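One chain follows as structure tokens, the form predicted on its own.
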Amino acid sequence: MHVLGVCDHGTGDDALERVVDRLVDRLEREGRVGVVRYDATIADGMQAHDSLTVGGDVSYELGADGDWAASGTGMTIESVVDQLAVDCDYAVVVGVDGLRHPTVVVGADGEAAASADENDDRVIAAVEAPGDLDSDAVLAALEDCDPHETLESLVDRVKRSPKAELSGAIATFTGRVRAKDDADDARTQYLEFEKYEGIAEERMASLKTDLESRDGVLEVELYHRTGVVEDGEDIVFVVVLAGHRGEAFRTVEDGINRLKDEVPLFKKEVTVDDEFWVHERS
């Protein structure tokens, strides 16, 4: 699933919603769209940027007309996005600054829009008014970005495989950010991953094909996040659909080991005391 943020830098709710409507209409031609909104006013003392924490009111619906919707105060934007990843091709998050996902900025004026575009690499389009929006260009830029996946979305995908009726096992691996190796270590705040563009995708696809060629292995899904991944968050998933547990377990272990060895991903570690590229200390 691809996630797109849409936020306003001074034009007002009407302009923001017109941009959202145009984008959702365009994305719905390609697949199922979830629309996520956040209202911080329900939480005492919270501001809009607090929408990434639990406390405000998060609502989400499918499609521009809201054929199905849900809301609640025990959710965060990211937890809702994770839920939508199982069923949707796209999620549009409205009115939230500071998302880790690609974003369209509806700017107060041309200068503000240009500044947002230049200073934030998450901004894939910045428009002064709804009429300036090129929804086809936004779609193309969005699909050039990494998708958002969860373990649940990958497991759901292999379960829907035409080969699933031959399967008696699904094995998974989840790698996450470890705060410490030992109790006395400086705490890791986050890891930041960069990939060798083009080569990383090629190696990942080759590895997937190789693993799926094994006897008894039916489907393999591999996913590694890039960018900033904070303490306790998930980094990498390997999911294997197989005829039996033996080949499923072996393929999961080989898959993560080979992904780490063969796919060019570079890791920066940021602790409370230091920051460094891990490959420079190996």
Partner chain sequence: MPTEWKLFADLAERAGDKHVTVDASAGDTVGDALEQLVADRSELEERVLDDGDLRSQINVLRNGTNVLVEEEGLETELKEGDELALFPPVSGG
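These numbers were taken from a predicted model, which means no experiment stands behind them. Positions refer to the first chain, counted from 1.
Heads up, the form predicted together with the partner chain isn't pictured, but that's what we're talking about next.
Peer 1: Can you pick the stretch from 198 to 206, 135 to 143, 148 to 156, 79 to 87 whose heavy atoms fall within 4.5 Å of the partner chain in the predicted bound form?
Peer 2: One stretch meets the cut-off, namely 198 to 206.
Peer 1: Wondering, does Val236 line up within 4.5 Å of the partner chain in the predicted bound form on heavy atoms?
Peer 2: Looking in the predicted bound form, residue contacts with the partner chain include Val236, since a heavy atom lies within 4.5 Å.
Peer 1: Could you confirm whether Asp97 comes within 4.5 Å of the partner chain in the predicted bound form, counting heavy atoms only?
Peer 2: Contact check for Asp97: no, nothing within 4.5 Å of the partner chain in the predicted bound form.
Peer 1: Against the partner chain in the predicted bound form, would Glu194 count as a contact residue? Criterion: heavy atoms within 4.5 Å.
Peer 2: Result yes; Glu194 sits at the interface with the partner chain in the predicted bound form.
Peer 1: Considering non-hydrogen atoms and a 4.5 Å limit, does the partner chain approach Lys268 in the predicted bound form?
Peer 2: Lys268: yes, in contact with the partner chain in the predicted bound form.
Peer 1: Does the partner chain, in the predicted bound form, lie within 4.5 angstroms of each residue among His224, Pro264 and His279, using heavy atoms as the measure?
Peer 2: Each of the three qualifies.
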